[in-house]
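Just one chain follows, in the form predicted on its own, and it is written as structure tokens.
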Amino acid sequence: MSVAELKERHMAAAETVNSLKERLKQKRLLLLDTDVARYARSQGQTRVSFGLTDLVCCRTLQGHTGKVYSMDWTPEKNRIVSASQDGRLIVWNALTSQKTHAIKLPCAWVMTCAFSPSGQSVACGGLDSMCSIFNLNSQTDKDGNLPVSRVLSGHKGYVSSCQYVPDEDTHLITASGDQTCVLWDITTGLRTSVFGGEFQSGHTADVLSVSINGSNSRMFISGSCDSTARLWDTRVASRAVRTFHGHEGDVNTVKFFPDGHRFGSGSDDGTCRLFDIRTGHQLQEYNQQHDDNEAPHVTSIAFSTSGRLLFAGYTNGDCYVWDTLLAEVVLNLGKLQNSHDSRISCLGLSADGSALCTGSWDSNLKIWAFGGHRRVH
């Protein structure tokens, strides 16, 4: 068979695949006869009201000299760890803005960080394809640096995301550019399970984000450059429980809804979406129209403790607060006083829901708290 014939057959196959994708998309739209917002309005629900002083920037954490890529809160709410292009992890006291640890990393190209449930350790990963664990109680070396207490190596691509299994300092899950997720036993440094890879139900492109179900820690969601999110059960690594379609760009971020039955996602297509893990259906799309038709990418999301609010960071510096029930933006932190000067790269809510932290390419982190009697619901 000649090269020309092969090209012709490839083009025909690609055309068939695209046609089938479009038919599947139209079929899904027909099945989605309503969404959360339309139903809520039909029941007389009104949107959450916000004033410009209801959510205010109360602290700016300055100390990084490069873009902030990732952040995480401790379960006891008053400490934050951040990872930056400057090759350092910084642990902050969120109440005083003081730095308790500044950890120089063996590999400066860090992409993700996470606190352990006990708050005694932090993990990070990046372009070195490894996940490094630091015990915050360890003695520093002669140069004043905190030594690595454990290295988890085995990925064949960059580590894009990591999260400890809730209530366990001994296990964490990583996502990687090698198209897999891995469950690690930190005590031994060995892989317990690999999700994806050679298995047909795995992702077909880089995995960018993971979120573990707080109600059932055996279940986790992954988001990928293949425009899908997938649900996994740690007891069955050989296949994904369910695959979620709908996005038309890289899925940069995924986060479980507080009840554990739903999850949110954010994508390069400029939208956030809400999915039901039991049915696989998309429940709602959160999409703010822009005049130039070039929607900024969604980089990070978080839900309020009740799930009524969705916080979403964007590449243009906006940080929308969405009413999840009515799919309306109730506030844009990017337009408030003391907002970031560059893209929002990461964000997260404190364990008690009383404060939001955002990280940015402007090298700063900001803590936002509700003014007056208002709290994050």
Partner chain sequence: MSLEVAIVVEDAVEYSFAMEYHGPPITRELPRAVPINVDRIPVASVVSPLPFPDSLSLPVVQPISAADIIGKKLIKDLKLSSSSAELLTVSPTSVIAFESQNNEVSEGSYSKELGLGTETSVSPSSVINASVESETENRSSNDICALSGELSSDFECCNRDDVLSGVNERGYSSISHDEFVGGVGSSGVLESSDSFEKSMEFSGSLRKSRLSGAYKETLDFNESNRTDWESNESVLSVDYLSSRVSSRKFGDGNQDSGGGDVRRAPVVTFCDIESDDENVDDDYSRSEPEVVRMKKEPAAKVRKGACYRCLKGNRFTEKEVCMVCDAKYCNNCVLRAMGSMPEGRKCVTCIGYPISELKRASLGKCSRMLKRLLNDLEVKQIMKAEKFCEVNQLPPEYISVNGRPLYHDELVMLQSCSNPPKKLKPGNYWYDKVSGLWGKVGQKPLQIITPHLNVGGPVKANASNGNTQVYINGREITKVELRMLKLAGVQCAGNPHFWVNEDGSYQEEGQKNTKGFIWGKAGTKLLCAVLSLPVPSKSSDLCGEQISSSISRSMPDYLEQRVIQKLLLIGYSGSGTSTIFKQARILYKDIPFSEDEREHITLVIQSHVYNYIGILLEGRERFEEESLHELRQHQSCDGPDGTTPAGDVDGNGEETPYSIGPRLKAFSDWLLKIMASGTLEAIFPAACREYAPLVEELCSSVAFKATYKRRHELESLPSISSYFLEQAVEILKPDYKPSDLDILYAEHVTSSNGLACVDFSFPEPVYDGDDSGDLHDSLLRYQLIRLQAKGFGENCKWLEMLEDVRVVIFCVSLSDYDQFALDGDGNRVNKMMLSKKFFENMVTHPTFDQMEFLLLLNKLDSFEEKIEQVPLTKCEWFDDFHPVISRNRSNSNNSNHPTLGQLGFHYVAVKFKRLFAALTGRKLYASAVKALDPTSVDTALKYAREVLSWDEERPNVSLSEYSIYSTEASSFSH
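Values in this document were obtained by computation on a predicted structure and should not be read as measured data. Residue numbers count along the first chain shown, from 1.
We do not show the form predicted together with the partner chain, though everything after this point is about it.
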(message) Within 4.5 Å, heavy atoms only, one stretch in 115-123, 165-173, 181-189, 152-160 touches the partner chain in the predicted complex. Which?
(response) 152-160
(message) My question is simply whether residue 110 lines the interface with the partner chain in the predicted complex - judged by any non-hydrogen atom within 4.5 Å.
(response) yes
(message) I'd like to check something about residue 220: if you look in the predicted complex, is any of its heavy atoms closer than or equal to 4.5 Å to a heavy atom of the partner chain?
(response) no
(request) Mark residue 312 yes when one of its heavy atoms lies within 4.5 Å of a heavy atom of the partner chain in the predicted complex, and no otherwise. (result) no
(message) Would you classify residue 148 as touching the partner chain in the predicted complex, given a 4.5 Å non-hydrogen atom cut-off?
(response) no
(message) Residues 62, 67 and 88 are flagged as a possible site; in the predicted complex, is every one of them within 4.5 Å of the partner chain by some non-hydrogen atom?
(response) yes
(message) Just to make sure I understand: among 321-347, which residues lie within 4.5 Å of the partner chain in the predicted complex, judging by heavy atoms?
(response) 341, 343
